[in-house]
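As structure tokens, one chain now follows by itself in the form predicted on its own.
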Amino acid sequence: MALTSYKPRTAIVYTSVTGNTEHLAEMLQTALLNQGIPVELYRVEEFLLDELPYFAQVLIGTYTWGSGEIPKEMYGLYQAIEQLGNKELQTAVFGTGDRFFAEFCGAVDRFRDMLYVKTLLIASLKVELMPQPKDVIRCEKLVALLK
């Protein structure tokens, strides 16, 4: 018998311009649901930063802008997690990019570095352009790392 009604919440918060990162977010959502993990999927502009402390796991999806920068719509989330500094918050970061550019998925790397210091970073995942069926396995492996 459970002594509490606490249920850890999991969120996927993402931004996408081309639809590639959105598609990857949906693949991760499916992988989580297949593991029996309820998940809330948000575009970053829909996510309430005040709710961040109420999540046990947050997966962050981003494309990369310019020369490897984080897109401006993700700055608020980046700063909120950085300021929260909760080492019990499990995080993962994922994104899509194009190897044509000098820095492949640079925004994923920038988030990864901050998440490693400020949270319990579980994994990062980079996919070139549109996710393919082979990436389903990669999503399942990432989800399996969440506790």
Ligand SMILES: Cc1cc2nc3c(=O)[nH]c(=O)nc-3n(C[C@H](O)[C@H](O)[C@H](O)COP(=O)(O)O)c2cc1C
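One-based numbering along the sequence shown. What you are looking at is a predicted structure, and each value in this text was computed from that prediction instead of being measured.
The protein also exists as the form predicted in complex with the ligand; that form is not presented, and the subsequent description refers to it.
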Exercise. Would T18, G66 and F101 all count as contacting the ligand in the predicted bound form, using a 4.5 Å heavy atom cut-off?
Worked result: yes
Exercise. Looking in the predicted bound form, any heavy atom of L129 within 4.5 Å of the ligand?
Worked result: yes
For this session: Answer yes if any heavy atom of C105 is within 4.5 Å of a heavy atom of the ligand in the predicted bound form; otherwise answer no.
Result: yes
For this session: Considering the ligand in the predicted bound form, find the one stretch among 117-125, 57-65, 30-38, 74-82 with heavy atoms no farther than 4.5 Å from it.
Result: 57-65
